[in-house]
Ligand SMILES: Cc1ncc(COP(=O)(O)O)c(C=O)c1O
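So this first bit is one chain, no partners, the form predicted on its own, shown in structure tokens.
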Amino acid sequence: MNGFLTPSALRSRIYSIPRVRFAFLPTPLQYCPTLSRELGISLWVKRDDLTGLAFGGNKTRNLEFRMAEALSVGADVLVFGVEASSNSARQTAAAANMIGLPLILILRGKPESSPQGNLLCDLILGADVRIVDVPTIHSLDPILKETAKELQRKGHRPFILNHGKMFATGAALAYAECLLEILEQMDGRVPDYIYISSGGKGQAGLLLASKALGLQTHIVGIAATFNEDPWESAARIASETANLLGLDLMISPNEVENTLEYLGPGYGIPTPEGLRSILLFARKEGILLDPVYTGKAAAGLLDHVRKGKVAPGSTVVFIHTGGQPALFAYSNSLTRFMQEEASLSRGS
């Protein structure tokens, strides 16, 4: 790519890709005065928990491109496989309703006698929920294929969202656009750091946009799963998306700043640092995070600030990717942690 793009030129390329509008955009960019003062940085939160689709979240942006692809191939039923606690499942169920297509959700997990959080939302939204107990998320793939074959034998035209061309690139397009929103909302001020809970797809879009625009912003991902290599994944998806947009631009894995350090024992397992971050953001800024994704990402950000990896006085944007329904599914863990913290506080 010769030279850098202007924001308007990059936006024009993104707008050339078919999409179905779901999200309330741009989402707010909220300044956090108390945490900024206490941390010695200028902290802003990009409120992508407010995208508006069934409690909102980052996947609403991605679904605009994914659902456009499903419609373009004439699908009459959607099939999607993710974790039982997935924010993506909830938002996909809502988006499927908005375009009038039935959705079969193949969810990795164990049946719950009293569904809470995202799973409860999936049921309220009317998705055909099928919970399977398999070892890993990758074990869902043959089940997705068999489900699609079964539907085809009945005369349907199923579309497996996980296999769509836009499954990864749609996320990258969405977060390239998100970075453009941030720049507009900051009136020309360029963040020194952007933090996001990502295993690759969302971070890919931020990296792509940053490089295309010639920014020096550090795009930092905090992974919440072991499902993929975030360095390879983000680089590959960013490069594929650049090609889709007609950009002569490549991202290599060594350009990706990501870490598994704040994941803890595994996906969906709360960490003390993540729970502590939830309480901090709630009690200092009135912002609710979740224990699966954003709480752990915030823990990473806070730790980086305290260790000096984020320079004092830096402008930092934390992208809130949503997930608050999980607070109710993890009520026991949160309540127990708050009681322990209160006991420690009294003891000191």
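What you see is a predicted model; the values in this text were computed from it and never measured. The first residue of the sequence shown is number 1, and the count goes up from there.
If you look for the form predicted together with this ligand, you will not find it shown, but the lines that follow are about it.
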Within 4.5 angstroms, counting heavy atoms, which one of the listed stretches 37-45, 299-307, 57-65, 22-30 is next to this ligand in the predicted complex?
57-65
Are R11, G170 and T241 jointly within 4.5 Å of this ligand in the predicted complex, each by at least one heavy atom?
no
Taking 4.5 angstroms as the cut-off for heavy atoms, does G81 touch this ligand in the predicted complex?
no
Although this ligand is absent from this view, report whether G202 comes within 4.5 Å of it in the predicted complex, heavy atoms only.
yes
Is it the case that T92, even though its partner is missing from this view, gets within 4.5 Å of this ligand in the predicted complex, heavy atoms only?
no
Please determine whether T51 contacts this ligand in the predicted complex, using a 4.5 Å cut-off between heavy atoms.
no
Go through 312-332 residue by residue and record those having a heavy atom within 4.5 Å of this ligand in the predicted complex; state none if no residue qualifies.
T321, G322, G323
